[in-house]
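Take a look at this single chain in structure tokens; it is the form predicted alone.
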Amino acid sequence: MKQLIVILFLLWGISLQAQQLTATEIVKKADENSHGKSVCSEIKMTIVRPTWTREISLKSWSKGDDYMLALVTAPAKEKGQAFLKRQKDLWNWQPAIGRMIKMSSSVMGQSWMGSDFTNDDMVQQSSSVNDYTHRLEATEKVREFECYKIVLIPKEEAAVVWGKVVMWISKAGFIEVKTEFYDEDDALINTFNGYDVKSYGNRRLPSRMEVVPADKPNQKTVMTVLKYDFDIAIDDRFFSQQNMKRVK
């Protein structure tokens, strides 16, 4: 009887080990949870500074890793600005001056419209799945979430903004709960936190996201989700320079 118990215990341990996910699989599941095959969203961004606060409203559409279009809907001064990713090409339409500007990789680390989010955060040029190697560092609790702590190191050939990224992804639901962004000298630059998790169809995601710079007291940018629609039908032709000028 004792031998049977030992054998069953060993088999249970082998089965449990086989079910364990790799760091890359965890990051991929978190990416699929937040993006799906396609997603349409409406978002309010609040830029908080020591002496002032500013709000920007926007709509965005994305499809897989290759296509993204974001449209600024308010305030009036910036209304109509659009940002497009079509495979490797990145564009910014500025209606106030009637110019279509091609964005280069060199501007991806710069601030998006004065916020603490980068251009790369908004146009999603780099991929947390494909442009980094992944290492499971530990399991830790962040607020109410039991999380995988995963270190992402950029691949040599990847054109990315960060020298290192550390993600905390919840074990239940694969939610990106917290992420730290480091420069090439291993200095912490920004910290992302996801709060107020809500259900969107069969997904659970933060409805409020904050980016806080490490070296700028009393400064942050808050992104509040007003609407999420996942896995909707979007034709590739939607993501075009012509559509940037007329989408609403």
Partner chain sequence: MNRYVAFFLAIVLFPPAFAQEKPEISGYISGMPSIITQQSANEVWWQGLAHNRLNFGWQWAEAWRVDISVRNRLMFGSEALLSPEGTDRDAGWVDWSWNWAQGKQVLGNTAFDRLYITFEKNEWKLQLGRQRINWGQNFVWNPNDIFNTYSFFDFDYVERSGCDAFRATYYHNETSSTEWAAAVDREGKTTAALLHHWNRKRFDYQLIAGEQAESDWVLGGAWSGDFGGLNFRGEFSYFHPIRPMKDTAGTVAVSVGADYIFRNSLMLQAEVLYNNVGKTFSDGGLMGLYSAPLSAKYLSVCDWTLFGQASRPLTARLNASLSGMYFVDIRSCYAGVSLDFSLANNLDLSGIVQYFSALSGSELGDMQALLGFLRLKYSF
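Source: prediction; values computed, not measured. Numbering follows the first chain given and starts at 1.
Unshown form predicted in complex with its partner chain; subsequent notes refer to it.
Quiz item: Where, among 29-37, 190-198, 204-212, 53-61, do residues come within 4.5 Å of its partner chain in the model of the complex by heavy atom distance?
Solution: Stretch 53-61 is the one.
Quiz item: Judged by heavy atoms and a 4.5 Å cut-off, are P75, I101 and Q110 together in contact with its partner chain in the model of the complex?
Solution: Yes, the whole trio is in contact, each within 4.5 Å by some heavy atom.
Quiz item: Would T133 sit within 4.5 Å of its partner chain in the model of the complex, counting heavy atoms only?
Solution: T133 lies outside the contact set for its partner chain.
Exercise. Please check if F239 has a heavy atom lying within 4.5 Å of any heavy atom of its partner chain in the model of the complex.
Key: Yes, F239 sits close enough to its partner chain in the model of the complex that at least one of its heavy atoms falls within 4.5 Å.
Quiz item: Within a 4.5 Å heavy atom cut-off, is V161 in contact with its partner chain in the model of the complex?
Solution: So V161 counts as contacting its partner chain.
Practice problem: Give a yes/no on whether T139 approaches its partner chain to within 4.5 Å in the model of the complex, heavy atoms considered. | Solution: Contact check for T139: no, nothing within 4.5 Å of its partner chain in the model of the complex.
Quiz item: So which of W91, Y148, F117, F174 gets a non-hydrogen atom within 4.5 Å of its partner chain in the model of the complex?
Solution: Going through each option in turn, the one that passes is W91.
Quiz item: Going through 24-46 from first to last, which residues have a non-hydrogen atom within 4.5 Å of its partner chain in the model of the complex?
Solution: Residues within 4.5 Å: none in this stretch.
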